[in-house]
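Listed next as structure tokens is one chain, alone, in the form predicted alone.
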Amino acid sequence: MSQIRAHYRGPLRGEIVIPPDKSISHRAIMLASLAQGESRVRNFLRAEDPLRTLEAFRQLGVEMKESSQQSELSSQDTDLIINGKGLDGFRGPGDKIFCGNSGTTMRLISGVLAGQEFSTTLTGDASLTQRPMKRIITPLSLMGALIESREEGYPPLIIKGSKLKPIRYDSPVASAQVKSAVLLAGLYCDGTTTVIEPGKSRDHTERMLESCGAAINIEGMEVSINGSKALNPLDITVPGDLSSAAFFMVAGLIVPDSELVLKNVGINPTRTGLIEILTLMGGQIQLENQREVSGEPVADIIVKHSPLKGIPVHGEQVLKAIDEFPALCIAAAKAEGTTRITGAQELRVKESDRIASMASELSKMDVAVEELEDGLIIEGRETLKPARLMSYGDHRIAMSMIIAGLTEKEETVVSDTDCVNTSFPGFMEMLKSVSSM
């Protein structure tokens, strides 16, 4: 089992280019495959999760070529040339599609497979087969999809393609994956499919569908799409991933005398919760060189070491920082006073139970933590106790605990860290480039 040792060796200083956005990389492969003709996806994230999506569509008959280019976004981008099959040009995969640890792959591709003329089995690793899929099975079944699963909607999923009908779906959770699965299935319907959310989840799918020429309409919390319309090819450059930048933002704030410049980071307004929360906590964070790249807002983020104060975090703030929760917990552990995070019950069903995982590991570092059903109450400490910590096979837990270890001179050891490669291959190399590790 892999492990990483971390301790304080001085301030973090320098300029780094954050890896490409994972969420956008997934969706770019899918929509380019669904489009009619040749698409180009620049600066694609070559990490385990999006590579599962890439391989899944190759199994469905999509031809993809890869090339390496240099650009302002990265010293070594990966470009994909994808020959899209159109909505109805896929072939049966011939074998099960293995989604690995990627819930995004499984949930979103289910919307596409529901409208095909063949049957497909989707499976995954031990973690993914314990994650709930009923949240997509329910709306897709209402549209006429035939989906078999284990009891309570757990994978593997057997999806028998069928003729779909449009629905108006009032989603019980604000989930970009649920919304996206329904919208992608809506492409196969005659008429208008609508998803209503209780809160605004990330909107990358809507932005990309619109750029492909889909008939999409957004009004408040409602997103609608008119189906049976061919999609135009994509030419997209993927910006840096704010969720990956989160670890360096927190590290820059809590490691003494640090100052980091994080280049070319996506600042989609549905995902900037962590920036807003850390700023309210007293963090010095500046956005510079703001611009738009392929329909997504992008900026350089400058962070400087700052004394932080605990605050209440709830509601829309949590939704806009849902993937950044583990990193936020580390900031809270080093803040003066109490941080109370509520409304985060969705984190119980991520790669690990992130609420329980963070409570357990912070407690090992002598942080006073109270676990709530939907969040945590964290009493900040000036110093953290070095400890032997677990990742629970969760990439965001692993990287967060490594960042926590950077604040103390004695060594913290984080075990089971191979999972970092699901979203951030090269994380330790990038961290070493701005430190004396």
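Please read these numbers as outputs of a predicted model, since none were measured by experiment. The first residue of the shown sequence is 1; numbering continues from there.
There is also a form predicted in complex with a small molecule; it is not shown, and the following applies to it.
Novice: Within 4.5 Å, heavy atoms only, which of 174, 267, 87, 189 is in contact with the small molecule in the model of the complex?
Specialist: Selected residue: 174.
Novice: Can you pick the one in 183, 278, 322, 112 that has a heavy atom within 4.5 Å of the small molecule in the model of the complex?
Specialist: Looking at 183, 278, 322, 112 one by one, just 322 meets the 4.5 Å heavy-atom criterion.
Novice: Can any non-hydrogen atom of residue 52 be found within 4.5 angstroms of the small molecule in the model of the complex?
Specialist: Because no heavy atom of residue 52 falls inside 4.5 Å of the small molecule in the model of the complex, the answer is no.
Novice: Using a 4.5 angstroms cut-off on non-hydrogen atoms, would residue 353 count as touching the small molecule in the model of the complex?
Specialist: Residue 353: no, not in contact with the small molecule in the model of the complex.
Novice: Is there a heavy atom of residue 23 lying 4.5 Å or less from a heavy atom of the small molecule in the model of the complex?
Specialist: Yes, residue 23 is a contact residue.
Novice: In the model of the complex, is there a heavy atom of the small molecule that lies within 4.5 Å of any heavy atom of residue 334, even though the partner is absent here?
Specialist: No, residue 334 stays farther than 4.5 Å from the small molecule in the model of the complex.
Novice: Out of 99-107, 216-224, 142-150, 258-266, where are the residues with a heavy atom within 4.5 Å of the small molecule in the model of the complex?
Specialist: Heavy atoms within 4.5 Å of the small molecule in the model of the complex occur in 99-107.
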